[in-house]
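Just one chain follows, in the form predicted on its own, and it is written as structure tokens.
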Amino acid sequence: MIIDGKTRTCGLIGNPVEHTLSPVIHNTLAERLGHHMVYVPFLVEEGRLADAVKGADALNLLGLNVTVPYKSEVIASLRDIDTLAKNIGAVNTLVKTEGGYKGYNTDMEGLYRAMDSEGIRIEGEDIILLGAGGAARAVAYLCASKGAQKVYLLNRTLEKAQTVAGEVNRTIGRDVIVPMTLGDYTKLPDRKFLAIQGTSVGLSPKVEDVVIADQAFYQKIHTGFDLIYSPWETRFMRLVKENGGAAYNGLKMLLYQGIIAYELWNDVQVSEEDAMIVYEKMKAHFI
């Protein structure tokens, strides 16, 4: 890659950012598609987010991804925000426009593409969603907006699950999200579910942690999707498989959210062939 005065810069802002695989996605795509662009991570200290966005605009950065802990806080620094991101309440992609950045959320469409690529459907499904934090709230909105029949939102505290369910149900206009405590899984209807693990439980280095350990819970699951991708196989995934279900990690979600951001920045459509080449490069970090 030749970097000169015509090179456009994109990057990632967050804290921490040292572990990120996003440069693999974007720099590989830029090389394959012949775009004069480079992607780098930027560590933004607490209290400096607004300065970072303003500085990026002044430096004419083409776009930015936003990761934890700034996906909601960054909204205050934007010129405009996409409807989906506004409904979810989180932004992970900034696109340079005249007068500032416009915010998008590519995480949820990235998850949808990832699930679709594995043959997993949301439409008409009964879904178990573990967690009621920021990521799980976005997943709840995705499932409801894509036509899930019911989403049983299991969380440690019922009050938080009720808050998320109320917000999403009002936005969608139908009562699709059902708030429950973790222990309420014994009250679920007697059928098999798609289960989405939307918490940080099981993330490295605490790889043996799991939200629910009871084997009886996993016997209710035909397919498990964990948003975590490090470790490659979480204990949640192992338990799903041990009880006869299929299980997937979140690496393809990371892939496709990045691809959608790249498409927004460069006004292109990335082929599935190029997507899979990037995915194999990402996988090499784990296998």
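The shown structure was predicted, so the numbers you read here are calculated from the model rather than taken from an experiment. Counting begins at 1, following the sequence as shown.
The discussion below concerns the form predicted in complex with a small molecule, not included here.
Visitor: Does each of 14, 42 and 44 have at least one heavy atom within 4.5 Å of the small molecule in the predicted bound form?
Guide: Not a single listed residue reaches the small molecule in the predicted bound form, so no.
Visitor: Going by heavy atoms within 4.5 Å, which of 50-58, 26-34, 226-234, 240-248 lines up against the small molecule in the predicted bound form?
Guide: That would be stretch 226-234.
Visitor: Can you check whether residue 83 is within 4.5 Å of the small molecule in the predicted bound form, heavy atom basis?
Guide: No, residue 83 is distant from the partner.
Visitor: Looking in the predicted bound form, any heavy atom of residue 117 within 4.5 Å of the small molecule?
Guide: Looking in the predicted bound form, residue contacts with the small molecule do not include residue 117, since no heavy atom lies within 4.5 Å.
Visitor: With the partner left out of view, is residue 105 within 4.5 angstroms of the small molecule in the predicted bound form by any non-hydrogen atom?
Guide: Contact check for residue 105: no, nothing within 4.5 Å of the small molecule in the predicted bound form.
Visitor: Could you tell me if residue 75 has a non-hydrogen atom within 4.5 Å of the small molecule in the predicted bound form?
Guide: Answer no; every heavy atom of residue 75 is more than 4.5 Å from the small molecule in the predicted bound form.
Visitor: Exactly one of 95, 128, 122, 201 has a non-hydrogen atom within 4.5 Å of the small molecule in the predicted bound form; which residue is it?
Guide: So the residue touching the small molecule in the predicted bound form, by this definition, is 201.
Visitor: Pick from 254, 221, 260, 62: which has a non-hydrogen atom within 4.5 Å of the small molecule in the predicted bound form?
Guide: Among 254, 221, 260, 62, a heavy atom within 4.5 Å of the small molecule in the predicted bound form occurs only for 254.
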